[in-house]
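Heads up, the chain below is alone and in the form predicted alone; it's given as structure tokens.
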């Protein structure tokens, strides 16, 4: 035990705090005002050693790189290696996004963070009637292996790590297969590839739902197929990034964000163990994607609490022994939902504060939003400004000089403990429902997110939550001070490529490739084992998705 304070000192501090509080309450102007975090956790006017007197330093905090990893997953943290600058990019046809990737890499980005358009994310070809209006919007359009070749043309994918924002498993099972197949065709062994895929079944079934959804159990199977495949053949790849960021963008609170990603990770771990894998064979490559929202200290506490919760679950529930299995590693994106279309240059300041919370919380990689993201796809200037913000934070502010600088703050430690309590309570409820897949099928997850989103929006509209430019300090007759990005022509380009590929490909080979996928479904085998080869026959993403939907059927999300 390494208790920090003696009982007599704590009693005296508690007594004097009560006296101080009585004096302050008598003169406080805001006696009726409620102080709480963005997620509703109460906040006291001051914190003292009495608030953390029960804590055992070595067991509850420890040192960086040591259990329970609250103070960071690496012994030297940013003194040894700073976070990866991974700016999100993707729009239009792959030819245009390839130019943006090269631009960001030339300007100092240290990894690729590729986002895909709405049809690609949902498993549709660009020419599908459900998809045509959204082609090239919100990301890059990928229909075939040829598009993947163009997207990474001239980029050393055996040296640069790539994050594929393949949110939905129905997208990931094909697009990630195309990435691997493209590497094989460039004679790059799969074990040389580094990167991350998002591959989160909650994205498909609860967050960014679309027509003709796969049922939750099927989407979850596809997600686990990709994890299993990478564990066997692509050992340096993170095959899943539990997308808490997107849950938060949909309206979750901070404790819900952490609880839902960890519940998802628990379910994946149980499934992969059922398939015969040992926990330490795949857990080191489970990664997390979290948001950095407006409440600075709550975000720092969230990251610290998440690491402690993950450590205890991996160690006590699954018996993991590999230290990398015990450490929660995460990428952070600054909160897009916190940006405003009004006075958009204010978003540079917002995103910088968001990113600082991620740094002080110990993130492994960070994307900073462009100031125009509430209005459009980021322009080149907006993307460059975001990258420079990341670089200024890393190189000029000296926040990297010491590890976990807010550790030991009575407030931050108390908030970390409260965040842990709230998250564990939610995890207990999900366990009682039989796990995250069952909780999704019943609509409980949808209802929880909806309730939180409604509360957040009400607070803004009532003025209880101040947002500069929205409900205070508004500017009448504001003139937009930035140029808006115009998406390049995409549909015609993708349509022409699809017509050409379909007319030139070997039709019996296509039929055989799709039959192989159906047979794999019937035999309940790992689908990625088959699809990595199927895409080489120039099968399109839509054809693969339709084959899966024909076999498994589709699902309507719960109405609430």
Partner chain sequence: MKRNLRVVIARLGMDAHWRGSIVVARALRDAGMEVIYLGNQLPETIVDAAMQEAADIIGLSTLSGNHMALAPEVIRLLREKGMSGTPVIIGGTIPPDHIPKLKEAGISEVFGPGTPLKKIIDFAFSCN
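Residue numbers count along the first chain shown, from 1. Fair warning: this is a prediction, and the values are worked out from it, not measured in the lab.
The protein also exists as the form predicted in complex with its partner chain; that form is not presented, and the subsequent description refers to it.
- Between the options 314, 164, 366, 206, the residue in contact with its partner chain in the predicted complex by a heavy atom within 4.5 angstroms is 206.
- Residue-level contacts in the predicted complex: of 342, 84, 294, 438, one residue has a heavy atom within 4.5 Å of its partner chain, and it is 342.
- The stretch among 142-150, 223-231, 117-125, 91-99 whose residues place heavy atoms within 4.5 Å of its partner chain in the predicted complex is 117-125.
- Heavy atoms of residue 134 reach within 4.5 Å of its partner chain in the predicted complex, making it an interface residue.
- In the predicted complex, its partner chain lies within 4.5 Å of some heavy atom of residue 480.
- Interface membership of residue 473, defined by any non-hydrogen atom within 4.5 Å of its partner chain in the predicted complex, is ruled out.
- Contact between residue 112 and its partner chain in the predicted complex is not found at the 4.5 Å heavy atom cutoff.
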